[in-house]
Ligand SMILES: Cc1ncc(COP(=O)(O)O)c(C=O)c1O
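Single chain ahead, written as structure tokens, the form predicted on its own.
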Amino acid sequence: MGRIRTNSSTAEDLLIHVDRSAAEPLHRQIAASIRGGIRAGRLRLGTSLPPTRTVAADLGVARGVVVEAYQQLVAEGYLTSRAGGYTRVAVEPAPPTAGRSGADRPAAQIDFGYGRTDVSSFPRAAWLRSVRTVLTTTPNERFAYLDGRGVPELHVALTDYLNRVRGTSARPENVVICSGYGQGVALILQVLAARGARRLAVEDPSADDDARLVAAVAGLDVIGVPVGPDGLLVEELERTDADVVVLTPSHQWPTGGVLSATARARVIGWAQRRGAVVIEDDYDAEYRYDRAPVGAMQGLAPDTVVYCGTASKTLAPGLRLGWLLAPAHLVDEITAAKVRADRGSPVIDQLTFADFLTRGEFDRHLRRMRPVYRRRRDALLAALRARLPELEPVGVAAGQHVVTWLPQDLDEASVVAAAARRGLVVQGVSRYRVSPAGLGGLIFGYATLTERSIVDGVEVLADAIAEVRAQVRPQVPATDSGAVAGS
């Protein structure tokens, strides 16, 4: 068994244990020891950890083992690190909560809001290598005005990646680059409205504010189609006269259902009979934790389905990079709409992403982030089981959020408000419904939270729910102590 202490005078207790006879990998043992030291208060905020080479030499392990442990703790928020500087403790130990009432606990500042990506893990060094490659090797003519579809290098790189990883049936000439899902769906709906589309079907619930706003401007009627445990209820879609439908078939937002192969075939059959178009929003399907990611629907019918993808959930929303795989008969019109909108997306960003994809850096980034997000999801599920077992989680197998349905005795709006009074942000499902009917539920986005913050947030939520229940509990009339029985 190896052990090491830090050089810092603020962390004199034993820091790291490794047991080579244990089944647990060494990097996890190292991370667990450091994490435990932080939680116990032995390693205070700002404490500098020894260099990875020093730790590796003292423990007799490869430096890469220590690097992996440090990186894991940086991703979880326990440590902070910068190139050329020290790795330091980034959090204070949590104060004990045993024996303290909810009212006595300090107000939390925790946000379970959905839609955020852990941009602190953006692969800056790898992205910089791609930027340098682009600036030193790209022909001059690439920086002139180009086709509104984007640069050919990115068309090819995306086609190779999406056909290999997402199961699409894409060709470079059918790719249109845009600035994200919002612009992409706006371009599609503008074109379809000009072609005569009058009714847009959306999943109910769904977060497709972009599509609904564009529909309102374009004069499209919006039809909500109910969602079941496995995604959109196809029999309900078949009863509509919609001209276009927006789906999240690989991971329904927000409920997490996966549309079955049979259901996908029925949707495509419905669309082909009506001459309708299916818009597939493939927003976070790369993050699957129980099996390989579920393939895209576009591969089944590339002439019927417009595929929308972005780098917002996988890399960073600030990149403003998105892409459409459009049927051949829509490409020219969508491209013309893109040119009218902004003359085309920035060339250097497109070329950088193309190099990033081609060199395999995107795949490496996803492999690195999947276990990070999975651990955060696991921390959320464990905390819910321990403190709020009555909340029913769904959609846990993929993505960056979890939905929990509320028991009938809990009002969604009251729970959200009680949590907000304690500094906890958690969103309700109802705000994303087209029709007002449906179960109350909560949406927990966990992508940007540390495991510790997730656990603390569930504790605060448990207090909020206890408050709501106390307020609605029937009051027992007081007994008149001076009354005489039978009087």
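Computed from a predicted model, the values in this text were never measured in an experiment. The numbering used is simple: start at 1 and walk along the sequence shown.
One more form of this protein should be noted, the form predicted together with this ligand, which is absent from this view; the next part is about it.
Under a 4.5 angstroms non-hydrogen atom cutoff, this ligand in the model of the complex has residue 313 among its neighbouring residues. Put simply, residue 253 is close to this ligand in the model of the complex: some heavy atom of it is within 4.5 Å.
Although the partner is absent here, residue 77 is not a contact residue: none of its heavy atoms lies within 4.5 angstroms of this ligand in the model of the complex. Interface residue remark: residue 283 is counted as part of the site for this ligand in the model of the complex, having a heavy atom within 4.5 Å. Shown alone, this chain has one stretch from 291 to 299, 112 to 120, 411 to 419, 229 to 237 that lies within 4.5 Å of this ligand in the model of the complex by heavy atoms: 112 to 120. Residue 182 is the only one of 257, 182, 393, 344 with a heavy atom lying within 4.5 Å of this ligand in the model of the complex.
This chain is drawn without this ligand; in the model of the complex, the residue among 88, 320, 129, 266 with a heavy atom within 4.5 Å of it is 320.
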